[in-house]
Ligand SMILES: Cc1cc2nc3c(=O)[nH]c(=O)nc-3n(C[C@H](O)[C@H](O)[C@H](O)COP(=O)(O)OP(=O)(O)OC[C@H]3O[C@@H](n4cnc5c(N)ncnc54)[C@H](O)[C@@H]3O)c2cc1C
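First, one chain by itself in structure tokens, the form predicted alone.
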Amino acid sequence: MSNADFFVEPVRETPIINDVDVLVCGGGFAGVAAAVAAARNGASVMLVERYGFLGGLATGALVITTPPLNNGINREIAKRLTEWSSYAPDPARENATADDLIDGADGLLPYDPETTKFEFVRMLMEERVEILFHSYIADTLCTNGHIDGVVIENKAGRSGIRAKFIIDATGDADIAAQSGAPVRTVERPITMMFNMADVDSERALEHLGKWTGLKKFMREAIAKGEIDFDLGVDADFGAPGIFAADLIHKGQLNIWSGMLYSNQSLDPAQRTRAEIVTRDHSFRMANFLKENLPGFENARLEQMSTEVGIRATRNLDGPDVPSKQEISRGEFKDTIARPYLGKSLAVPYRSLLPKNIDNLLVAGRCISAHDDIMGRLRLIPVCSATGEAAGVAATMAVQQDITAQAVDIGQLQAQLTEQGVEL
């Protein structure tokens, strides 16, 4: 028997199960937007997702408050959710139309994750996007700067998908990294989210003032030794620390349980530790609130997130890395996403482009930009907006038989404008 510390796997042939124009890797907001946009523009599209639902960390990690969804495909998503009373409800505007509610929305707005999962599947099926759940991207097959396809693994074993163009919407730049495109490893604090039901918010806020007051309440309790709690309480890196927000349904509260630092989220062992530690602290916090904060006497822990909320792991190191000032001013000649109507913040096409790979675009929280602006670029409306742009650009590249780098920006901007994106 060999004492070597590795296995030598036998050479094997991997069956190819599909051949499509555009393969979208990841089914979060960015991936759904990319797949829908590509299909609407005439591409055959497949989307591969590791979970059995869509929405990514937004629905899976209970990131269920968002800045306004009011431009491009975001507006469509908001309208679909509004039809189910599942986005930014405003009881004071009883007869308001969906457009009124969307246009009048401001701040962080709640949306319902279960309705979102349902509507995202509907959106993909309406456009005949092939969906494959419960599948991991195991490898990317790249030759001379061109991706031939990806290898996936699932309960059926190992198989391949061939595609003319790939959109990396994994959130972790997995495809970019596997293909050899330069990426930067990023460490940010992580948070386990949880929901509590039957909370008397009015009574709790009489005690706290605003939900930001939950920080002070917990900080004082920790200082007095009333709760054993080691996670970060205060805001940092664009993350709120301990916080809470009222949700769609009366008495339902979304709670940020504090921040774990020094995490190595690309290391499975460290990520396992993070899941255990943050879930333990969430459980402690939920029970402490029930026992000690007015308004929580009848509350119950309704749900913890499927996985801990990871804010960043890798970012694309593209041919250009726009600065915070450039993104905030939003004066790019190659602007392809302006996530918020009436705001200057914009994303250029170059932020989606990898170095050295000719048939790949990256969308979502792992695009190319300076670290000090990524706290704003990882938010849901930006993910959807970059996904939509990537889907259109990928289809143009396939239909014109050109590289991602050769896509005509004016043409891309015109097509985005035609489908409702205000640039």
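The first residue of the shown sequence is 1; numbering continues from there. Worth saying up front: this structure is predicted, and the values here are computed from it rather than measured.
This next part talks about the form predicted in complex with the named molecule, which is not shown.
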> Quick one: of Pro113, Pro322, Gly171, Gly318, which gets a non-hydrogen atom within 4.5 angstroms of the named molecule in the predicted bound form?
Replying inline: Gly171
>> Quick check on this chain: which one of Asn359, Asn41, Asn70, Thr65 has a heavy atom within 4.5 Å of the named molecule in the predicted bound form?
In response: Thr65
>> If contact means a heavy atom within 4.5 Å, which one of 159-167, 331-339, 214-222, 186-194 is the stretch that engages the named molecule in the predicted bound form?
In response: 186-194
>> At 4.5 Å between heavy atoms, is Val233 in contact with the named molecule in the predicted bound form?
In response: no
> Though only this chain appears here, would Phe243 touch the named molecule in the predicted bound form if you measure heavy atom gaps against 4.5 Å?
Replying inline: yes
>> Please tell me whether any heavy atom belonging to Ile227 falls inside 4.5 Å of a heavy atom of the named molecule, as the geometry stands in the predicted bound form.
In response: no
> Is there a heavy atom of Lys355 no more than 4.5 Å from a heavy atom of the named molecule in the predicted bound form?
Replying inline: no
> Even though the chain is shown alone, can you say which residues of 122-138 have a heavy atom within 4.5 Å of the named molecule in the predicted bound form?
Replying inline: Ser135, Tyr136, Ile137
> How does the C-alpha distance between Lys224 and Ala244 change in the predicted bound form compared with the present structure, closer or farther, given a change of 3 angstroms or more?
Replying inline: farther
>> Between the shown chain and the other structure, the Cα gap of Asp280 to Ala244 differs by 3 Å or more. Is it closer or farther in the predicted bound form?
In response: farther
